[in-house]
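Heads up, the chain below is alone and in the form predicted on its own; it's given as structure tokens.
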């Protein structure tokens, strides 16, 4: 049996919904999986290290990256919120992470960006990662910032990054919008694995979606990563359309790709 590609792999945000899915799956790729979050992580499993840390704490993040070969960064605020928590975790935190990676010689990061970086494109648009960003809130702005940070650290310091503009990753799509944005947990695993193991990653932006019939995103520019989704939202279509037979085209959530995020806030 071949040895795993990494000695020590770091998963941040390991207590979150997607982190809990990836935590057991990533172990096949490393000898030791280091998991981190500010929430409860439970006891360390076999071949695991549990390291709680807050992303806004630069010293804690520096220690977190010591001895790490690669990072899957899911940590941070994952919904639209007031600015201050997003600033702390998603703006300051991503700089702390990349600075720590630079200092410790970590050369590959898989960064959980979001489809909300381009949430103000219309649902009748088909866009590519090369199209200008159009964030739909503070959360989307923070992820656009993270993508720019990762670009800078690749250009200046050679740290390869994949920015995953994750759509809607749930056991199944919840509404008709998610017929386009759904990403199964198995396809999420395939996407992260492809980005970790691609021979040449460079700086890549890729939308995280399954092989859905309806799609707003063209991933052609990321084909060098080797991600091939195998699931599709199509098997849920009939039930979702029966449950939601009409679409209110006067509702911004039905017009723009960001869905309900385009009308969340302001927080005053």
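Residue numbers count along the first chain shown, from 1. Please read these numbers as outputs of a predicted model, since none were measured by experiment.
Separately, the form predicted in complex with a small molecule exists; it is not shown, and the next lines address it.
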Item checked: The unique member of 196, 178, 188, 89 whose heavy atoms fall within 4.5 Å of the small molecule in the predicted bound form -> 178
Notebook entry, point to check: Is residue 142 close to the small molecule in the predicted bound form, meaning a heavy atom pair under 4.5 Å apart or at it?
Noted result: no
Margin query: If we define contact as a non-hydrogen atom of the residue within 4.5 angstroms of the partner, is residue 184 a contact of the small molecule in the predicted bound form?
Written below: no
Notebook entry, point to check: Is there a non-hydrogen atom of residue 123 within 4.5 angstroms of a non-hydrogen atom of the small molecule in the predicted bound form?
Noted result: no
Item checked: Contact of residue 167 with the small molecule in the predicted bound form (heavy atom, 4.5 Å) -> yes
Note to self: Looking at 67-75, 145-153, 108-116, 123-131, which stretch has residues with any non-hydrogen atom within 4.5 Å of the small molecule in the predicted bound form?
What the structure shows: 108-116
